[in-house]
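In the block that follows, a single chain appears as structure tokens, in the form predicted alone.
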């Protein structure tokens, strides 16, 4: 097996297995925030990526794809049910998102989570060259850093947490809270989206493990009388801003944006929501605010249309099945009450679109609604801003999205406050061009300066420094 100096470990490989026109299996690059974020890093480093191919019970040998060495980890149908759908998405996800949905705690899920995390750790250890850097991604693999540390103490290990980390009062519900913290502390650097998330993690470590925590990090015993310093701080993730700027300049995409407006009946204003179909995204709250504005007569369907893209997500998890039913019922009611022969209140699209179509939608939309009840970052907010090189459009942004820490020139909302959201939507609809331009220029400065390359460079630089310092401690022991 090829051994790499940089190994990324993530639940999914950056490719999807598809059947081509000749009926043969082949691979194509996956859509999604994590792949978009790490693709440039992996190309530059000529690295290896360890992950699940996305289908159960398929055995695939490691292979090269567009300059990256891919190491598939096989998961059985039972692994997918217990480790992924169960522990990852029915326990950790709702718990870490402030218990918006009730988490379920099942020992058989935890046992599978431990077993699968060990399989990922073993694959990463085998793919890593001596002294290599291994970067573990996200909540499905929180035990991997410690497992790697035990198997390969020569490695520099980083972990990035893409979702929120909850306050201690919620985190303490987790039956396996100590094991999870100890798993994460196997890393030299633990990255979070927000300063508050890093603070929540440090408090959990103090309460559960009694380790010393300072602004410079967490003191973790090695077991041999020495200690390591684990850096736990915010590294807000971003997007490949330049690619969105380039797409937004293409004549065919600008023409497609005009076509979208025409297809919608050329309303005065188009509101846009783009989300995975997830209970954390506040789609129900958004629909309620919009429908009340129609009921109040503040807007009309001839004047203002809402386009809601809700890409399919976790369709075998019961909470998501129920959510889809609720949202589609709400959309049907709003449209039934307010549609005319020529205009639709809500254009609802339960499907994923290629990036080109998304950029056309961003250019067509006058107002972008990001109403998340809790979100690690929300890259869609940044994508909308990057695409608006015309310095027009208004971003309405939940204060509970990680992006709100950086994008302070957005119109901020508390999505639980329906009246406040209605006021914010009306303010966005009526905002003068001069104020739109002032706000959007400030937003674009943030997004263009702090792009994904800067994110990965800052994380890897911090990881290199911390890993080198911890190696020196071991060498002196």
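All figures in this text were calculated on a predicted structure; none of them were measured in a lab. Residue numbers count along the first chain shown, from 1.
We do not show the form predicted in complex with GDP-alpha-D-glucose (GDG), though everything after this point is about it.
Asks: By the heavy atom within 4.5 Å rule, which residue out of 358, 127, 396, 185 makes contact with GDP-alpha-D-glucose (GDG) in the predicted complex?
Replies: By the 4.5 Å heavy-atom cutoff, the listed residue in contact is 358.
Asks: Tell me, out of 93, 201, 113, 120, which residue has a non-hydrogen atom within 4.5 angstroms of GDP-alpha-D-glucose (GDG) in the predicted complex.
Replies: Filtering the options by heavy-atom distance leaves 93.
Asks: Any chance 286, 413 and 423 all have a heavy atom within 4.5 Å of GDP-alpha-D-glucose (GDG) in the predicted complex?
Replies: Answer is no for this spot.
Asks: Which is the contacting stretch out of 334-342, 141-149, 273-281, 210-218, given heavy atoms within 4.5 Å of GDP-alpha-D-glucose (GDG) in the predicted complex?
Replies: Careful reading of the contacts points to 273-281.
Asks: Quick one: does residue 379 come within 4.5 Å of GDP-alpha-D-glucose (GDG) in the predicted complex, counting heavy atoms only?
Replies: Yes, contact at 4.5 Å.
Asks: Do residue 197 and GDP-alpha-D-glucose (GDG) come within 4.5 Å of each other in the predicted complex, heavy atoms counted?
Replies: No, residue 197 sits far enough from GDP-alpha-D-glucose (GDG) in the predicted complex that none of its heavy atoms falls within 4.5 Å.
Asks: Within 4.5 Å, heavy atoms only: does residue 297 come near GDP-alpha-D-glucose (GDG) in the predicted complex?
Replies: Contact check for residue 297: no, nothing within 4.5 Å of GDP-alpha-D-glucose (GDG) in the predicted complex.
Asks: Determine whether any heavy atom of residue 354 comes within 4.5 Å of a heavy atom of GDP-alpha-D-glucose (GDG) in the predicted complex, and answer yes or no.
Replies: Close contact exists here: in the predicted complex, residue 354 approaches GDP-alpha-D-glucose (GDG) to within 4.5 Å, heavy atoms only.
Asks: Which residues from 224-253 come close to GDP-alpha-D-glucose (GDG) in the predicted complex, meaning a heavy atom within 4.5 Å?
Replies: The one in contact is 237.
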